[in-house]
Ligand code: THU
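Read the single chain below, which is given as structure tokens and is the form predicted on its own.
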């Protein structure tokens, strides 16, 4: 038997004010997108904004439904919108923010498992990493250089060959 370890490093900023202008603006756009979230059941509104390789911004927000499994997360709404409206144009960075109506929104929230899988595959499809900027309405901000790092030992298209 051998034992192996996996992990990754990421940047931690005390607040949005420590970010460079481009990253701060992207996170602000994600926060602005929150007003279009539809989360009457969880009261956990998520907004995501991507900057594409062509300089265009694309937004996504979570969209819930009384039949819970048919809701969709902000990250997957964003990826679907980007690939539909701008096929073949790579995503460079995605900022994700949230507002928890039932509690605090002062720390980064990471994408759910389904979104991690979808982000990892999207990176594989576009043959380049997607940076993630994660932040609540205030507080610390995390920057992750490659979305697939959130899914160690992830399932991919190579597993199907």
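All values derive from a computational prediction rather than experimental measurement. Numbering follows the first chain given and starts at 1.
Omitted from view is the form predicted in complex with this ligand, to which the following refers.
J.: Using the partner position in the predicted bound form, report whether residue 123 sits within 4.5 Å of this ligand, counting heavy atoms only.
T.: Residue 123: no contact with this ligand in the predicted bound form.
J.: According to a 4.5 angstroms non-hydrogen atom cut-off, is residue 46 in contact with this ligand in the predicted bound form?
T.: Looking in the predicted bound form, residue contacts with this ligand include residue 46, since a heavy atom lies within 4.5 Å.
J.: Using a 4.5 angstroms cut-off on non-hydrogen atoms, would residue 105 count as touching this ligand in the predicted bound form?
T.: Residue 105: no contact with this ligand in the predicted bound form.
J.: Although the partner isn't part of this model, could you tell me whether residue 112 comes within 4.5 Å of this ligand in the predicted bound form, counting any heavy atom of the residue?
T.: Flag for residue 112 set to yes.
J.: Could you work out which of 59, 93, 62, 118 is the residue within 4.5 angstroms of this ligand in the predicted bound form, going by heavy atoms?
T.: Going through each option in turn, the one that passes is 62.
J.: Heavy atoms within 4.5 Å of this ligand in the predicted bound form: which stretch among 66 to 74, 28 to 36, 51 to 59, 125 to 133?
T.: Looking at the partner contacts, the answer comes out as 66 to 74.
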